[in-house]
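This document contains two forms of one protein chain, each encoded as structure tokens and listed individually as structure 1 and structure 2.
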Structure 1
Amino acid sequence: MCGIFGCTSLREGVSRIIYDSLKKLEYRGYDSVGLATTYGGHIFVKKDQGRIEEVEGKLEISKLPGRCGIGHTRWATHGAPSKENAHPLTDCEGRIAVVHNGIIENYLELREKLASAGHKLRSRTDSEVIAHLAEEFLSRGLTIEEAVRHAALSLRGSYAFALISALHDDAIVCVRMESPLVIGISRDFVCCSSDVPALPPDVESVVIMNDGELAILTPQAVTIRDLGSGQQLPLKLLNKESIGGLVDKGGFAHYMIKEIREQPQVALNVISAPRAFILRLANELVKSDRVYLVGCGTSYHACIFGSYLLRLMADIDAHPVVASEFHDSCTRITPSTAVLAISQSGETADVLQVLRALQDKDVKLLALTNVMGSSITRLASLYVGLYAGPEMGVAATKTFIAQLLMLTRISIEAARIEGVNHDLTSSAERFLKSSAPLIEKAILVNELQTKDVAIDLASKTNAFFLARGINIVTALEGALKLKEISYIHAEGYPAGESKHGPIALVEEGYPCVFVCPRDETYNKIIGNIMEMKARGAFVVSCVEEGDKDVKEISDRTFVLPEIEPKQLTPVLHVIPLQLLAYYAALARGCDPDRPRNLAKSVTVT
């Protein structure tokens, strides 16, 4: 996730408007920033690594000349944070500049073709290909509008981008495909933005761009065209106030709920992520005689899930290990061992300690992280990004979903390399392709119900989260979320083990949350529910659509879409548990974004 903003105005000083709006978009990315304007037949670019105010202090990006420009605040997905990789990115001659949010799936293929045609690409980003493609089509005699349209049609993936040309001092061409982009119109200027809250206060009306649309912006006109046909489309103007009281956090009260609602887009990002690096990492896992997945907290729960999938789908000897316990629990380190470290921030001290301790040993160090350029990416020999965008809430939500989905992609590639479990991998791939709308449905269908259950839960001091099989991961994660932001003590536990001790705590009204997809554990977990009901438990169950048996014996239910394969049900069943934790925190008067005693990145061991 990155933030883009462009503005074309009747007056000078457009760079200040762009700068002020980029500050409002910094929640979308903050590892580098840049701005470009057109003036006197030239493009002026200033950019660097760092937060917006830091770069402004060094370069005074808000003082570039001109009436038309674009700006970008970056969350790195391709290429580490650096001046070279910061946007705007330009073509060979510096006559075109582009800012981009999203993922270009086929960028490696496009880079190769462009390089063969003589283009000089200077960054390590996927985004730079857009500028060079536009340059290529311009060289064939197309107008700027048609050059950009043909360039966009060459791309696969999710993207929103804005482009300016030295030959057109007052025009911005922008395109949307599965990444957000809105247009703001005022008396003196027209602008485009990744998000409504970044629009300047002078904006009077808004156009919400749809997927597959191209827009041409000038200070006094907006033209929308269909990307495929080039046909002009009607302009649908909205009054800015009619969109609702949108403020920072994208109109949400807290980052946590905003990030839960972003999970469908995260799913699109993960399934659109370039295959090359995922395939390379899967190859390293397949060549290993043993794989340890190492993480902490939520990332450790992802390690359990990933180990399960790698064993099941690809016949890989994979084991999850809590990072702080790695040296005590793991002794079989050989030259054929691989360690896959998982960390949202890439700065988790216990995980980094494992990698540093193994640096001098003959072992493969691999990583999954959401932060390019973090310490984990410098210690690992090979890493894959999570493509979730910045996660500001302390409680991990969208990055957990990204971890599950990326581990699924890795497991599918590993199974293909091994030539095993074809039906299972095909089923998993079908789920991945449909995961975004299914996640969206899981959120929308369960939001009101989770609010109601949260009110019942708010007065409690303890809760159990119980499941069997792969969904023990879901129970562990649901319990962690509840305890860390609502301060209700919660324990995730294998349902079959609950009668070996924990059931002693159950009394009238004791909350027991069960995860109950119709998989091979279904009949047994019904028995576990009955054990708790017999002792007066308040039973809340996550069930699949059409379920009657569990619904009948539960006090409350959250209903999830039924999917195959059942091994991937944690991706959906964790969602109502995230919502439940959020609304329980609100009901208890807790700030879900700032839980006590916790930090986003744990940098001490």
Structure 2
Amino acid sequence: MCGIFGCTSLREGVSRIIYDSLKKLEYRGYDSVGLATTYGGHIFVKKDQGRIEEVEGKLEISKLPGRCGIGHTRWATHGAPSKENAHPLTDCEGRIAVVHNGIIENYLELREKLASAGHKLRSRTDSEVIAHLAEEFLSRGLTIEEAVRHAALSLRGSYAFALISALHDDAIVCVRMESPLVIGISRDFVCCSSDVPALPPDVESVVIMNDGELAILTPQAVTIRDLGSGQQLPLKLLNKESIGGLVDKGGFAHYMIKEIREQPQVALNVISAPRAFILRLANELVKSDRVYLVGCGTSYHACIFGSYLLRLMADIDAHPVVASEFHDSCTRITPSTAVLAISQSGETADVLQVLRALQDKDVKLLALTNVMGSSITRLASLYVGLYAGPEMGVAATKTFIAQLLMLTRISIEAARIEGVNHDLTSSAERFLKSSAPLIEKAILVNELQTKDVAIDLASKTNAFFLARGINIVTALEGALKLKEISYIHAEGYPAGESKHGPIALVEEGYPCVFVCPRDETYNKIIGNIMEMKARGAFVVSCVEEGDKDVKEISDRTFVLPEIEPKQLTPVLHVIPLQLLAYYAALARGCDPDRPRNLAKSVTVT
């Protein structure tokens, strides 16, 4: 995680550009923030624990002098969130400064070597070794570029870093190895960034760095070299608009609510996305004897949904697997196996680790991601985009809906190729076509009601989210949303299983959120609601329009449009649960866009 940004410009005021971009990278971590610039042969550093605006208020980091600098927003891994561990980190003399995202696995060994060579390491981070290694190689007479290259070759792990030196008033050297890094070029400046949305508006073209590349940036030139050989590589310039635009809150209080409200548009994007790649991906799935859908967090919930649909609609032997638990012991990989990795960011380390481990094996690697040019798109032989637009809120919302809808499209294509389940596929297709207005309605109808229930929920410490069948996905996702942004402990559970232990927790007023479309599980779930009610639970239910029975026994209900096929009800029923989490976070005074301890892309395993 962590966000890094560097900029070298023809004009003064570079720290303001860095500061503005760090604000857009804050979703990647916000334990501490810092900035360093070169000016008059010196390096100036300002940094501290805390969020960017707090630190700016104290230190005015956006006012550092100079035309070249680097900045960092941190999600702590090695070393507690503190001023001393905040980046930029410097060498012994304060003549080199570095910002780093990722993990240096051999940092302990490197720290020991550097310390015995007389280096004074001041932080507890793994990152600081980079500055001292560069210092060490510089002292042996190498150029800054070669010193950084040799430093990087000493590192093991995943990293992207940017480094400045007092010796060069206008140069940034940066390296990418398994952590994202892009370069932005404008008329007046050149910059490097952990992601595209953080690039300043006047950037015209972009270079997406590959793993194992080093770049030297000056305001006039970008040079890319192969890290291993030092050989210069051709520059592949892309138009910025072709890989995603800029994002602001568009008048909303938070990105999360903006992104929830964008879901009807996302549905339109998904249903009008070009068919060719979806068809090719479906073809690969159909040709496979077995498919593993691999993801983490919300994307894993999409994997459960996708596996269910592929089995049901296209008779494909599909299985969801949590990426960090993808081992030989629980999977069987043969030449006719396919792995479909699902990741919003395309940078989640647990997912990339699965793909990297399988890269040299005879197995099809496929992907579904929202970020074109992300690492996952380079590891997979075939991928399909999600067309959701940049998602800035840490909690995934619109990309989850995009995943569900795209998996539905893929399952429909797969069923057609197999020539099975015509009625179900036609019904799913009809739903897709009308999904945008239905999602819109689900948001509008439930906005007030969810605000209201959120106020009741705000004083609680625990909640259950219970469902049966395909909506177990909805329950899991509803619970994840609530716990991650409001810090209310929430468990998603199969409703039928809840009597085998969890029910022991239920007492007067205990919140139980049920997902109850009128599908084949309806009567059974009424039984489960009654069991919880008998023990005093406060029952909130998601029901379809026209529902009477569940409404009658629930304390509160969220009403969703009635749809067919019922297998696609998670697309609508998850919406009030996203809103509930959002408003519960607000009611508890939590920042829904920046939940504690979390970051948008989890680039550590």
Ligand code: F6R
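Counting starts at 1 with the first residue of structure 1 and goes up one by one along its sequence. Only a predicted model underlies this, so the values are computations on that prediction, with no experimental measurement involved. By rigid core we mean the largest C-alpha set that fits within 1.5 Å across both forms.
Visitor: Two copies of the same chain, shown separately. Which of them is the form predicted on its own?
Guide: Structure 1 is the one predicted on its own.
Visitor: Is the C-alpha displacement of Lys398 equal to or greater than 2 Å between structures 1 and 2 once the rigid core has been superposed?
Guide: After core superposition, the displacement of the Lys398 C-alpha between structures 1 and 2 stays below 2 Å, so no.
Visitor: Taking the rigid core as the frame, does Glu259 move its C-alpha by 2 Å or more between structures 1 and 2?
Guide: No, Glu259 moves less than 2 Å.
Visitor: Using the rigid core as the reference frame, would you say Arg16 shifts its C-alpha by 2 Å or more between structures 1 and 2?
Guide: Passes the 2 Å threshold, so yes.
Visitor: Core-aligned, what does the C-alpha of Glu135 shift between structures 1 and 2, expressed in angstrom?
Guide: So the C-alpha of this residue moves 56.0 Å.
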